[in-house]
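Let's start with one chain on its own, the form predicted on its own, as structure tokens.
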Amino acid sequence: MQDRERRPDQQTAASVVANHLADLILGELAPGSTLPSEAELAARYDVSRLTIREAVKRLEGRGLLVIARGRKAVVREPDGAAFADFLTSVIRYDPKGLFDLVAVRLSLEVQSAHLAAKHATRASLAAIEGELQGMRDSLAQSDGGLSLELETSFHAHDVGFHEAVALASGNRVLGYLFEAMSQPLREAFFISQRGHAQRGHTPGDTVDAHQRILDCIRTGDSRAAAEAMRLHLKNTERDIRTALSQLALRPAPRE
């Protein structure tokens, strides 16, 4: 009975310690750094080692720490896997999630194109061009239509193009977000490409839209780069709407 009464207090103490440690990790400790020992932390926060152990486990669950048996907890390298998993599940099971993703992309990518036009280096421009060339190469290998393998390659380079633009912006947060978004974006691109075709457009038109964005970035015209990205993403939104409306019109399969 007494243990049951203490358990809520222990949980509360663990939460408080976990929050303090999270601030320490995010504000002061570099990835790869180790936390002090359980004994040191228990003395610092005036709690039991059991409470420290619970707090550390919570931070491991939040992706902030890596815990190996018999070793001190280590600050984890930033990882967007959880964010990517969330986005992937959203676009798979909720059509509205596709439009939410486009809305987020409009906010982020218009800004990344604007900044890339101002800050892109020779190396970052080469990275953007390399992804665009990859899109062209995928098309060049097709024979009147993209096979699943070539379409997968095409979309992978398409995602790489947008990630390269984000990295060229010089904003590390944008680069991190697009790295985390790469897998859900690939899935979304398969859907938008269906709508793109239904609207009478080709993958070559997609390449041309990306070329216009790159041209504006290369000339340093930040306003035009932002507008070119905005127009491309608004067309993507129309493509998704068309693809989903066509799916809704299909007759249900007979049982």
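The first residue of the sequence shown is number 1, and the count goes up from there. The term rigid core refers to the most C-alpha atoms you can superpose between the two forms while keeping them within 1.5 Å. Because the structure is a prediction, the values reported are computed rather than measured.
The same protein also exists as the form predicted in complex with the DNA; that form is not shown, yet it is the one meant from here on.
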Inset, instruction - Tell me, please, which stretch of 219-227, 206-214, 30-38, 183-191 lies within 4.5 angstroms of the DNA in the model of the complex when heavy atoms are compared? - result: 30-38
Legend entry - Close approach of residue 59 to the DNA in the model of the complex, 4.5 Å, heavy atom: no
Legend entry - the DNA contact at residue 12 in the model of the complex, heavy atom, 4.5 Å: yes
Inset, instruction - Verify the contact flag for residue 47: yes if a non-hydrogen atom of it lies within 4.5 Å of a non-hydrogen atom of the DNA in the model of the complex, no if not. - result: yes
Inset, instruction - Using the partner position in the model of the complex, report whether residue 72 sits within 4.5 Å of the DNA, counting heavy atoms only. - result: yes
Inset, instruction - Go through 53-70 residue by residue and record those having a heavy atom within 4.5 Å of the DNA in the model of the complex; state none if no residue qualifies. - result: 53, 54, 57, 67, 68, 69, 70
Legend entry - After fitting the core, residue 205 CA displacement of 2 Å or more between the shown form and the other one: no
Legend entry - Rigid core superposition, residue 219 Cα moves 2 angstroms or more between the shown form and the other one: no
Legend entry - residue 55 C-alpha relocation of at least 2 Å between the shown form and the other one, rigid core basis: yes
